[in-house]
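For reference, the chain that follows is the form predicted alone, supplied as structure tokens.
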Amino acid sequence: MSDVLAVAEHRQGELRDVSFELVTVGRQLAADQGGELHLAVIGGDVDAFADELNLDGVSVIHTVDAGEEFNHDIYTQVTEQLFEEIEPSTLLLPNSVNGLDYAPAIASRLDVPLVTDAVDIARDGTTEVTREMYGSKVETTVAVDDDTVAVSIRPAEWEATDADGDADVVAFDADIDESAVKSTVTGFEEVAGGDVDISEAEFLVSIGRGIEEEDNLPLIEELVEATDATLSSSRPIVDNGWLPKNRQVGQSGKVVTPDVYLAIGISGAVQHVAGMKGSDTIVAINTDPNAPIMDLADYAIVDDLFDVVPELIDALE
């Protein structure tokens, strides 16, 4: 029981970024134990997904042709059957809406402990899972006293694996009990204001309480247009009703991983940082050189945003 089984996630025909992070976590755990990483792809275009996930460190990819989108009952049955066949020491799932939907059911059916929202995992005989508490202000390590464990990992906490691999791709013939499938996916609909998905943006211009008032939004929107970026924000902007909820980055908003994250007037509270620290390049504009965002930024401009932003717009035009 030294192998690892990870279940990939997809939505509307595309793999979610967390699927590639699962490979990073899984291959490290498997290597530490001298085992293999097994990856499961359930539903959708499984052959295309398997091609994308044939990455360094993956030993076997199990494809299961079972519907187009996530279904709680099917994912639960398939994952349980794969687990019983592979007998891994660790089951890895995304700590996402879908992952958290079926993770407890899997853990209950398999009678294994479940630790959610992991930001780090180590296994050396005993599995130790690190989690954050109290708004990410405190880290705790949970030691699991069991030979097997299920863990859901927080997205954007690990680098995604992208190096090519040579995994075996095997079609898994799951025995689906149709009488136990009590739910059906009839469609996919974004919540109100879902015209923009900031989690998919490559360049985010994000604003915080430093913009002072709603009347200053047009200035930021002018910069967004000049840079062909997408506008996002920290929580105070949404709480004030200046932007819709789907634009919020952070622990109670969305996790984003853009190529560039331009933080304007954002102090960098831990709740906000939890949602954007996976950005490739972080640029901060803030008058306070000691603001927490400055410790995270690759580039920092210590100045008044109302002076800097017009200068940036002029330079771009």
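We call the rigid core the largest set of C-alpha positions that still match within 1.5 Å between the two forms. Quick note: we count residues from 1 along the sequence shown, nothing fancier. Bear in mind the structure is a predicted one, so any value in this text is a computation, not a measurement.
This protein has a second form, the form predicted together with a small molecule, left out of what is shown; the following refers to that one.
*Asks:* Picking from 234-242, 219-227, 80-88, 145-153, which part of the chain touches the small molecule in the predicted bound form when contact means heavy atoms within 4.5 Å?
*Replies:* Of the stretches listed, the one contacting the partner is 234-242.
*Asks:* Does Asp51 reach the small molecule in the predicted bound form, with heavy atoms at most 4.5 Å apart?
*Replies:* No, Asp51 stays farther than 4.5 Å from the small molecule in the predicted bound form.
*Asks:* With the cut-off set at 4.5 Å between non-hydrogen atoms, does Gln271 touch the small molecule in the predicted bound form?
*Replies:* Residue-level check for Gln271: yes, a contact with the small molecule.
*Asks:* Would you classify Arg209 as touching the small molecule in the predicted bound form, given a 4.5 Å non-hydrogen atom cut-off?
*Replies:* Answer yes; at least one heavy atom of Arg209 falls within 4.5 Å of the small molecule in the predicted bound form.
*Asks:* Please determine whether Phe306 contacts the small molecule in the predicted bound form, using a 4.5 Å cut-off between heavy atoms.
*Replies:* Answer yes; at least one heavy atom of Phe306 falls within 4.5 Å of the small molecule in the predicted bound form.
*Asks:* Is it true that Ser2, Ser19 and Leu39, all three, sit within 4.5 Å of the small molecule in the predicted bound form, judged by heavy atoms?
*Replies:* None of them does, since no heavy atom lies within 4.5 Å of the partner.
*Asks:* Once the core is superposed between the shown form and the other one, does Ser59 show a C-alpha displacement of at least 2 Å?
*Replies:* No, the C-alpha position differs by under 2 Å between the shown form and the other one.
*Asks:* Can we say the CA of Ile293 moves by at least 2 Å between the shown form and the other one when the core is superposed?
*Replies:* It does, since the Ile293 C-alpha is displaced 2 Å or more between the shown form and the other one after the core fit.
*Asks:* Has the Cα of His38 moved 2 Å or more between the shown form and the other one, judged after a core fit?
*Replies:* Shift at His38: below 2 Å after core fit.
*Asks:* Between Ala163 and Tyr261, does the Cα distance in the predicted bound form come out closer or farther than in this form, changing by 3 Å or more?
*Replies:* Farther apart in the predicted bound form, by 3 Å or more.
*Asks:* Versus the form shown, are the CA atoms of Asp17 and Tyr261 closer or farther apart in the predicted bound form, given a shift of 3 angstroms or more?
*Replies:* Farther: Asp17 and Tyr261 separate by 3 Å or more in the predicted bound form.
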